[in-house]
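Here you get one chain, nothing else, as structure tokens; it is the form predicted alone.
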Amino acid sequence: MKIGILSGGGDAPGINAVIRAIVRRGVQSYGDEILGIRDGWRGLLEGNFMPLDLNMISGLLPRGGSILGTSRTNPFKREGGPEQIMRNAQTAGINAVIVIGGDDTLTVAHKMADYGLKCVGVPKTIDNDLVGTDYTFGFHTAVSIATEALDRLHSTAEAHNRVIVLEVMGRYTGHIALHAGLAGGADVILIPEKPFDIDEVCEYIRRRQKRGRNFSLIVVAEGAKPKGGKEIVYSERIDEFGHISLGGVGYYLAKEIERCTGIETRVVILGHLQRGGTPTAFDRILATVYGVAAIDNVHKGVFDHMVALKGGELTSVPLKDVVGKRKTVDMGLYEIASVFFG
């Protein structure tokens, strides 16, 4: 068979490990021809391909980013886009496509099934907010990076008697903020699922002062918002999937904390540091398992499905049960974390 691979949306540590696993399994076990599709769905729209063989995947396991590139291209926003994709796939002789992506990228894969494109999905997002799977690869790496940042910020916050706000990714869900905050000993964790009260945040800080702790660390997801308010917007630009650029809630918090408490407050925005660089061992293994499972599904004829990990078991879930939905944080875990606030 001739199998295409694309990665769409934001990059996540482990994409290259998925590609490596697909090529190794496909070539050695099935005798497949693997075709890389550059820059996500845009590559299928423009017919931009690259052959992938065993030599090309050498050294990919620890490498961040994506050798195929990625984009937030939505072919359904282009006139005749889906039809162009089908023409290019047929011209290239592609029998099936393995789609590495989050909700937006997999939504396109699911819609393309109506046009006859055979797709298998691989769950990729550092936000870990895809339903149907316990973990998406990239999440563990992002949490590890954010936790290390908290460990480093702890000493400088204590030395200067400051409040430091760490803003992490998490547009709609606070998985990274919650897990990193719990692991890194944050004094307050703010997530999109639970709008915050700035007076309550300041009270946590004052409570620490009363105990002689003259510094605090706050972790906030970029999509967190004050009660009765809206998300803080970095840019009004909207991408092809309708998403606006969030960012800046950390600075909003810092100003309000200084106003309420008089304590010097600094902000650190991790941004794309959470996405970049070497994946953790966990994400390398998870990405590898997903890659092998994805090409196995192609040969089993299990299309319009996403490979997944549920209860520690590898499985597949229909894309119709995944796309357009969102896995929010476990509020029980948030309650545990709140024991350590203030």
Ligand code: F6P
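Note that residue numbering follows the sequence shown and begins at 1. Note that the coordinates shown come from a computational prediction; the quantities given were computed from them, not determined experimentally.
Only in words, not in the display: the form predicted in complex with 6-O-phosphono-beta-D-fructofuranose, which the text now covers.
J.: So in the model of the complex, is 6-O-phosphono-beta-D-fructofuranose close enough to residue 167 to count as touching (4.5 Å, heavy atoms)?
T.: Contact with 6-O-phosphono-beta-D-fructofuranose, no.
J.: If we define contact as a non-hydrogen atom of the residue within 4.5 angstroms of the partner, is residue 42 a contact of 6-O-phosphono-beta-D-fructofuranose in the model of the complex?
T.: Judged by the heavy-atom cut-off of 4.5 Å, residue 42 is well away from 6-O-phosphono-beta-D-fructofuranose in the model of the complex.
J.: Please tell me whether any heavy atom belonging to residue 136 falls inside 4.5 Å of a heavy atom of 6-O-phosphono-beta-D-fructofuranose, as the geometry stands in the model of the complex.
T.: Outside the cut-off, so no.
J.: Does the 4.5 Å heavy atom contact test between residue 126 and 6-O-phosphono-beta-D-fructofuranose in the model of the complex come out positive?
T.: Yes, residue 126 sits close enough to 6-O-phosphono-beta-D-fructofuranose in the model of the complex that at least one of its heavy atoms falls within 4.5 Å.
J.: Can you pick out, from 272, 210, 227, 77, the residue that has a heavy atom within 4.5 Å of 6-O-phosphono-beta-D-fructofuranose in the model of the complex?
T.: Only one option qualifies, and that one is 272.
J.: If you check 171, 140, 118, 162 against 6-O-phosphono-beta-D-fructofuranose in the model of the complex, which one has a heavy atom within 4.5 Å?
T.: Spelling it out, the residue with a heavy atom inside the cut-off is 171.
J.: Want to guess which of 252-260, 188-196, 201-209, 118-126 is within 4.5 Å of 6-O-phosphono-beta-D-fructofuranose in the model of the complex, heavy atoms only?
T.: Every other range fails; the passing one is 118-126.
J.: So which residues in 201-222, when you check 6-O-phosphono-beta-D-fructofuranose in the model of the complex, have a heavy atom no farther than 4.5 Å from it?
T.: Heavy-atom contacts within 4.5 Å come from 222 alone.
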